[in-house]
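Below you will find one chain, with nothing else, as structure tokens; this is the form predicted on its own, and questions on how it binds or moves follow later.
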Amino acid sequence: MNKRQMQKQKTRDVILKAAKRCFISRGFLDTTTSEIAGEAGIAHGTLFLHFPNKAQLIVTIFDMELDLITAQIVSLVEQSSGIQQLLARYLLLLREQEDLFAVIARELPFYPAEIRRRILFKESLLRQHFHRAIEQGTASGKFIALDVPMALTCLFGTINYLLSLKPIFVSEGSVIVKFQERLLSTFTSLIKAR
């Protein structure tokens, strides 16, 4: 990589970090590209040299964050001894980026169709790992036979509900921390073989 390419990559990284900060504080929908450029300390036009529009910037951030979590989940699946440990570790990963995922959960219905589709696709990749873990538990007799996709819809729906209404559930701090034990115990008790 030559010096010009390195500078271009550095500027792109600065834009992504600034955009993420802006999106977390003001939301994806209410943040303007001029605010992002100001936060990044670049000219407004420079932003468009790297990203043709705000939607592309949003998609890039979503892809980066969700790819990171998906890669970590794959690693966790290999290291986890069961669904409860996998879920606990997944909640820990969410906590690390909780403010970002709270914005996504709150604003998702209002995003353009393409962005919603990409987010839901990435979430479906995460669900596959949980699906496999539950199927293995069912095959070994640890879990009851159940509609796994529906069980996961309930689980992920509950997590998204808590994230989307975070300001109602906690005035400060983590909504995941507040509800983690209840999420773990409720979900495992629902699927556990009697």
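Keep in mind that what you see is a predicted model, and the values were worked out from it rather than measured. Start at 1 and count along the sequence shown; that's the residue number.
Keep in mind the form predicted in complex with another copy of the chain is missing from the figure; the text below concerns it.
Student: Is E96 a contact residue for another copy of the chain in the predicted complex, using a 4.5 Å heavy atom cut-off?
Tutor: Looking in the predicted complex, residue contacts with another copy of the chain do not include E96, since no heavy atom lies within 4.5 Å.
Student: Taking another copy of the chain as it sits in the predicted complex, is N160 near enough to touch it, meaning that at least one heavy atom pair lies within 4.5 angstroms?
Tutor: Contact check for N160: yes, within 4.5 Å of another copy of the chain in the predicted complex.
Student: Even though another copy of the chain is not shown here, does K10 get within 4.5 Å of it in the predicted complex, heavy atoms only?
Tutor: No.
Student: Indicate whether L120 is a 4.5 Å heavy atom neighbour of another copy of the chain in the predicted complex.
Tutor: Because a heavy atom of L120 falls inside 4.5 Å of another copy of the chain in the predicted complex, the answer is yes.
Student: Of 132 to 140, 61 to 69, 145 to 153, 31 to 39, which is the one stretch near another copy of the chain in the predicted complex, taking non-hydrogen atoms within 4.5 angstroms as near?
Tutor: Result of the contact check: 145 to 153.
Student: Suppose contact means any heavy atom within 4.5 Å; which members of 89 to 107 contact another copy of the chain in the predicted complex?
Tutor: R106, E107, in sequence order.
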